[in-house]
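Take a look at this one chain, the form predicted on its own, written out in structure tokens.
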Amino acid sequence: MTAITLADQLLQHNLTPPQANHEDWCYYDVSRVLATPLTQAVAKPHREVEPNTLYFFNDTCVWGALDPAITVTKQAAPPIASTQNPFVQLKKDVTIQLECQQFNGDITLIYEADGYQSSDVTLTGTDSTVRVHRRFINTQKSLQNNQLACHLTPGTSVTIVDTNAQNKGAILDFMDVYVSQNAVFKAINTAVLCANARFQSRVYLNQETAQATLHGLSINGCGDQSFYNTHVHHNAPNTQSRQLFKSLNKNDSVFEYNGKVSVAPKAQQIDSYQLNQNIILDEYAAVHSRPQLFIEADDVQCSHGSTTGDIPSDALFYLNSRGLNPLVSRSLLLKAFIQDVLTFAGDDTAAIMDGLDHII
């Protein structure tokens, strides 16, 4: 049987791929994804599944022994929030429902593909403190189209740590998060030396004192492409959000940060801050940064910023004048540049340091 492409599948569902005139997709090479054949390999796990782990291999999901406070079921996928993204519209009809009741611990989601993978996971946290580790693994001719929805009830805390390192296929990942009163959501995504990765995060702060923190770090070289598209919705007063995204770019790579913050008319006294900082290490890399604010309330504290440039020459000169050679000086300055993201990532830094050594 001849494998179809993602473009064929969109056409079968009367969906039109995003075009360059869509702001969120201006610099994304959609053609690379659409031309990927949707072949399906034998769905057999490549490794033993550890406890509290969901393992996706292509379109099959298995899970290890679960804590009694975690319930896993398969349910009809709920309708998604309004979106013009046709890839999200191709989500599976069934979602893997993870319900955490008074659970304090770690959950691992492993997405592995050597063909086409489409996954849908819904995480619900109640009176819980959950740290979710997500690992993305794919081969050169694979494509992942993943959806994750998180629902945080009052008082719940969820932290998501994404590791995406040296993957040569394409990754489309879409996350919707709904945060209630006194709930805290945190996320960090690292894309290190990956050929084609696009991550979209939409966070809805729907009740007072809800908080969200989004961090990202992308290290790109040798034609790598990575894209972060974030949108934080302040729908209630007295909510807080923080966004910090950084990138290091070299050798014909492309990086894009497209970050939005929307403040509803009733969302008074909110506090929002977003910052994107990028370093270009040669004259061939491209960076596109668009932090944006949409404010409909009049008593708010909102700010954003963006910087893109080379390693500061005066800082290099200072270190060189103290006896450090140029290579060591560059390494120290780049490590200092990403230190705040490394701190947020905790112990999940090995791939980051490997990527840093590769592009220095």
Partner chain sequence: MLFPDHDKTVETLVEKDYEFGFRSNIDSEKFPKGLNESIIRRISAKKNEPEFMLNFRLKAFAHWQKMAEPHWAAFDYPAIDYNDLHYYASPKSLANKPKSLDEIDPELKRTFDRLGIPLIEQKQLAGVAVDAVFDSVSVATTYKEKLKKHGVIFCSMSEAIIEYPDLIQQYLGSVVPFTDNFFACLNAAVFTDGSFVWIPKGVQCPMDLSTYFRINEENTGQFERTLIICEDQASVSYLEGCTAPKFDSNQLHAAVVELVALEGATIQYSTVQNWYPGDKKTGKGGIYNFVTKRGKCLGRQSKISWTQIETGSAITWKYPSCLLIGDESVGEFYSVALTNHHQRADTGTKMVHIGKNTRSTIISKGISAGSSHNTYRGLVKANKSAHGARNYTQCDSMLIGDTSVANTIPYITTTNKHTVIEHEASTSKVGEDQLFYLMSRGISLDDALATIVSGFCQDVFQKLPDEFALEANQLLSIQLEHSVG
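Quick caveat, the model's predicted, so the values are computed rather than measured. Numbering follows the first chain given and starts at 1.
There is another form of this protein, the form predicted in complex with its partner chain, and it is not shown here; the text below is about that form.
Looking in the predicted bound form, is its partner chain within 4.5 angstroms of a heavy atom from every one of Ala285, Asp299 and Cys302?
-> The answer is yes: all three residues contact the partner (heavy atom, 4.5 Å cut-off).
Among 62 to 70, 287 to 295, 31 to 39, 49 to 57, mark the stretch whose residues have heavy atoms within 4.5 Å of its partner chain in the predicted bound form.
-> Correct option: 287 to 295.
Heavy atom of Ser331 within 4.5 Å of its partner chain in the predicted bound form = Contact with its partner chain, no.
With the cut-off set at 4.5 Å between non-hydrogen atoms, does Thr129 touch its partner chain in the predicted bound form?
-> It does not: once its partner chain is placed as it appears in the predicted bound form, Thr129 has no heavy atom within 4.5 Å of it.
Do Lys141 and its partner chain come within 4.5 Å of each other in the predicted bound form, heavy atoms counted?
-> Close contact is absent here: in the predicted bound form, Lys141 is far from its partner chain, nothing within 4.5 Å, heavy atoms only.
So in the predicted bound form, does any heavy atom of Asn182 sit within 4.5 Å of its partner chain?
-> Because no heavy atom of Asn182 falls inside 4.5 Å of its partner chain in the predicted bound form, the answer is no.
Of Gln166, Gln75, Asn104, Gln268, which residue is found within 4.5 angstroms of its partner chain in the predicted bound form when only non-hydrogen atoms are counted?
-> If I apply the 4.5 Å criterion carefully, the residue I get is Gln268.
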